[in-house]
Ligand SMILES: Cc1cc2nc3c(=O)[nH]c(=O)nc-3n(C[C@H](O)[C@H](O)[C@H](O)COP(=O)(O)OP(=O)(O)OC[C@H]3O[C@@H](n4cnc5c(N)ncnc54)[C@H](O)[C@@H]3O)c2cc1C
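What follows is a single chain, given as structure tokens, in the form predicted on its own.
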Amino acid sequence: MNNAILSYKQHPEAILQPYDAVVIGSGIGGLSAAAILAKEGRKVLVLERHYTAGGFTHSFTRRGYEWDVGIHYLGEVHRPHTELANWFNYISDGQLQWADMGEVYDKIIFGQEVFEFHKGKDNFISHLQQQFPAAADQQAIEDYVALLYEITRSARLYFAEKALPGAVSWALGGLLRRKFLHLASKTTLQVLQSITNNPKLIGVLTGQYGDYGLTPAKSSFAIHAMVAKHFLNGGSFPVGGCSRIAQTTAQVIAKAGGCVLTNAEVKEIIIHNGTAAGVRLADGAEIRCPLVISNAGIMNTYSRLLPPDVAAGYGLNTQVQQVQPSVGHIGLYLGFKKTAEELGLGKANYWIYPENGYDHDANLNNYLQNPDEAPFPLTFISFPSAKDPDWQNRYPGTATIDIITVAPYQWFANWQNTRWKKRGQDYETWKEQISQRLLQVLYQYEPQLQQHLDYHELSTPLSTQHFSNYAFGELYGIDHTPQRFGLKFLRPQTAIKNLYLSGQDVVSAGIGGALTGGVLAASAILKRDMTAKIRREVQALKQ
């Protein structure tokens, strides 16, 4: 464990060893690809610019509290035979445990109207039908769930095609992608309006749109369906906190002689004779290596890490012009000197919208035009200390809450050339104003918390930019529009020999999507279907 995650500042000698592969970025897409390669005997070095490993799976602490920045819940992992459960089991050597969030995982709230999402397909349908008794609405709910299953079944072939060699992909790609793209090429709103004309029902069914960052009129139905289906059987939280993911996966990487190296910013990917040959760090040090995997996102990789003439020579700059960064966000992190039980906090997430605000696109447009007075278009509230059964062992007598809302990077552009924690009083004053507005939303639904708040801290897209190195502080990599899913170049293997992509840009938003990107990257590199091998090995261990 001690040698699994090292700091480059304390251990500069770590880069002097020979490695079979270098991974840029220690998010779950990079860690999973590295761990799978390690299990195949490859010695892998994972380089992370941040002082903490894990990307959006990392945690941070302040004044005796801990918050998870990217994982608020996961679906499918608590069900032992699912693909996602198998993958996490494999890359962590079975060390990760998951706590079920219970019967209700999400509450969709419009003013005082509350719609609960209950786990299990039949429960989900029946509870929503109780609140939508009209025959047409009840049929629409059933049709909606059927569509979720239809597109997610076809997604398997669509994503498998991404790992195929070029010639095989050219021959079979159209066939493998066709069924998925039939619905993926439509917006979420277009698909839902084809089954119902009830705006309230559409507003409720799309109440998790913050999980992928695009409103119904702009998002592909594919990303909506994959997220909604992902949680249909309930949500879970990692026991011991989200940092356990990087800790356990790094141990697997270390067993093959590799490690995760923090404070190690990559400045450039070295290309020699048309082949990726290693990386150059920000301090000028070079690491020569026969294989480079970038988990830094397609925009960072092609626009910032590759030499401009190389990117232009392979037409990669043209590819970047066809994608757009996803949404920025504000995160408010709260600490309380009482336990979640004492405060009466449950495990279900709150998705709070304006009263009668069933049109999410209109809510967002109103907010963007009048941010100081319009209600937040979306307020997501998570209760991590209530979800984690190990919390009181680590932080006894305390509780934490995360609150997230939408915030474009442009609002904070005036401070983009300032340093973290030193951006000036105007910045801090505005942050505090936003914090107080978000707190008022929380207190509207949990008024008992007001007298117990001990600490709060707000992050902005500048914070995300600082730690993740996304140019615009985006949360979900590139936008999940209908056009995005038609782009064939969003795949692990790039036009440059021995340079591969991993993470959510290869597949889709979120931890599950990024993990899938890692599995596909490893499959493409090893030229074999690693999903099948992982399934067999994990199942064999359980017998």
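All residue numbers refer to positions in the sequence shown, first residue = 1. The model shown is predicted, which means the values in this text are computed figures rather than measured ones.
Below, we refer to the form predicted together with the named molecule, which is not included among the displayed structures.
- A heavy atom within 4.5 Å of the named molecule in the predicted complex is found for exactly one of 286, 265, 361, 341: 265.
- With the partner omitted from this view, the residue of 475, 501, 45, 38 that lies near the named molecule in the predicted complex is 475 [heavy atom within 4.5 Å].
- Stretch-level contact check against the named molecule in the predicted complex with heavy atoms at 4.5 Å: of 363-371, 265-273, 184-192, 310-318, the positive one is 265-273.
- Using a 4.5 Å cutoff between non-hydrogen atoms, residue 293 does not count as a contact of the named molecule in the predicted complex.
- In the predicted complex, the named molecule lies farther than 4.5 Å from every heavy atom of residue 132.
- None of the heavy atoms of residue 524 is located within 4.5 Å of the named molecule in the predicted complex.
- Although the partner is absent here, residue 73 lies within 4.5 Å of the named molecule in the predicted complex, judged by heavy atoms.
- The partner is not shown here, but in the predicted complex the stretch 451-485 reaches within 4.5 angstroms of the named molecule through a heavy atom at 467, 468, 469, 470, 475, 476.
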